[in-house]
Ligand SMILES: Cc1cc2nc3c(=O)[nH]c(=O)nc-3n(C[C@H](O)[C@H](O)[C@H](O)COP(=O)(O)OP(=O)(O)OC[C@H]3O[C@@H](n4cnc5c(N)ncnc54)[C@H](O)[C@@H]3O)c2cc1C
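There is one chain below, alone, in structure tokens, taken in the form predicted on its own.
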């Protein structure tokens, strides 16, 4: 074997087994295999298959559910050391190894070629799993999703003879493997094989110059931060603020909106935290759009909020985005997200207000709202495996805790507020007039549990909608033995 297996008897085991960001999940695999090359990865996967070991892959360690920390997983292959970013002349595309982090990708693309990939919101996230989940980020309204630039993918698949084979699939219409490429444009990770590398190039671009293959880095990037003291926020002000945010999203969500260069997230934290925060990113944004946005958010509030604007370089921001929010702190947490095609109703906003003001025993509970729409909605729902191309907002109910004794009440808080928000559709965001389902990049095993999903709608409808049957066919062809599986895995 050209790889090493770290077992529970080894001193390094705990360090390698404790790489997951969500401390709620910690598995106990019989072996962890760190690899640095695609050949090592191929051999490690063949070893697991030959020995009938349940296998999972870890890159950046940011999986929200226990797909890697599942007690049933016996072998974890760690690809975090599999690095490399280069211009591939033969592909005429930027090649990125699956172990590279978003920070490494962002910095390399900008420094070498002055371009960007509109992916991710934290530099430590691994590209291996992030890209195949759709890859949204701070600039998706301005440039679309990262998968909209995916030209090709190399995947280690296991065939009918249980032999590992390396497959390259491209978006070329003549490529017999094209459906495997398509499945990695939002079909989620851990379903079809193990990605070893991606290639990126904008559609319709054929110039053989790496500085022309992806969007240019912003000439001007600015952050806008607004805060309101909870002591000044009553239910009326809270509803007005949340409605203002939702209305702006609704009015500026079209693919050709002039406000596509503005992205914002509203962080509605528990009252005990003391403040409500809004964080915005403006990339080459016209000044009149920025001023209109600030005025629209503040309209009718009747209280003074602090607003700070700060210009900076794109890389400077991307490598340390909003450090008071996007911290690389490993805590235990529960996240339940949803996509919205229409803003929250006044009744739903009232539910959020009640949970944030009456549940002081869960200080880590919060609700977030983030802008979708813009260029990411310019793509047809079936052009990629990411089907949510008509949403205006993403929302997330989240709780975090440090003390294990707080887990039960924190998880209950998250589940209960979510169920009340979507009480009219069985406690879940059934795709329809208001809701648009969920993001597979933020998996929630509750969606496959009738105790929490009382809608009668299968879990895969929320994540894949009409694209699921097509993904099932890809699964049947490229993972015929069902090697790759988890709680929300595509089934042939």
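Computed from a predicted structure; not experimentally measured. Numbering follows the first chain given and starts at 1.
The same protein has a further form, the form predicted in complex with this ligand, not shown here; the description that follows concerns it.
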- Task: Answer for residue 59 alone: is it within 4.5 Å of this ligand in the model of the complex, judged on heavy atom distances?
- Result: yes
- Query: Given that the partner is absent here, does residue 64 sit within 4.5 Å of this ligand in the model of the complex, heavy atoms only?
  - Reply: yes
- Query: Taking the shortest heavy atom distance, is residue 438 within 4.5 Å of this ligand in the model of the complex?
  - Reply: no
- Message: Against this ligand in the model of the complex, would residue 442 count as a contact residue? Criterion: heavy atoms within 4.5 Å.
- Response: yes
- Query: Taking this ligand in the model of the complex as the reference, which of 98, 139, 147, 183 has a non-hydrogen atom within 4.5 Å?
  - Reply: 98
- Option touching this ligand, based on a heavy atom within 4.5 Å in the model of the complex, out of 103, 368, 190, 350: 190
- When this ligand is placed as it is in the model of the complex, which of 403 to 411, 358 to 366, 309 to 317, 130 to 138 ends up with heavy atoms within 4.5 Å of it? 130 to 138
- Contacts from 103 to 127 to this ligand in the model of the complex (any heavy atom within 4.5 Å), listed N to C, are 120, 121, 122, 125, 126
